[in-house]
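There is one chain below, alone, in structure tokens, taken in the form predicted alone.
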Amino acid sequence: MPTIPESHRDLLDAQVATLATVGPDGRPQSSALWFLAEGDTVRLSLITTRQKTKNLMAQPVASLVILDLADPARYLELRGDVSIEDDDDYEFANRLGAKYGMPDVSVIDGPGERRVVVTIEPVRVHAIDMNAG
């Protein structure tokens, strides 16, 4: 598995990333979302009824881009394979929510909505710094 270089590890603490999935028509779909990095693996908490989750269930591949908001010439892209696990007890969702000051994520979910943990295992890592020349 490729690793994230030290030069870009700070981006793993960012507040928002953009997830790209493959839609049913073969076109990309992008969504801004919360994430939690654990080593070189990034995990997401998604609701099963959302299109991005349906896309990942049908085609378990994704690209995640984390932009350095202080310096947009720097960003990190992780392209990878996806695995999906149930999170019915909100164990991971609440851990992720704690990063954002929301220790009980269930308060933002609608009645009957279910959460899953999406893990992105990087196949390619692109650490870009256009300032580096």
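The first residue of the sequence shown is number 1, and the count goes up from there. All figures in this text were calculated on a predicted structure; none of them were measured in a lab.
This protein has a second form, the form predicted together with another copy of the chain, left out of what is shown; the following refers to that one.
Residue contact with another copy of the chain in the predicted bound form: Gly39 places no heavy atom within 4.5 Å of it. In the predicted bound form, at least one heavy atom of Asp81 sits within 4.5 Å of a heavy atom of another copy of the chain.
In the predicted bound form, another copy of the chain sits within 4.5 Å of a heavy atom belonging to Glu77. Although the partner is absent from this view, Gly101 stays clear of another copy of the chain in the predicted bound form, with no non-hydrogen atom inside 4.5 angstroms.
When you look in the predicted bound form, the only residue of Ser63, Thr53, Asn94, Ser45 with a non-hydrogen atom within 4.5 Å of another copy of the chain is Ser63. Exactly one listed residue, out of Val125, Leu12, Val117, Val22, brings a non-hydrogen atom to within 4.5 Å of another copy of the chain in the predicted bound form: Val22. Shown here without another copy of the chain, the chain has Gly26, Arg27, Pro28, Gln29, Ser30, Ser31, Ala32 in 25-45 lying with a heavy atom within 4.5 Å of that partner in the predicted bound form.
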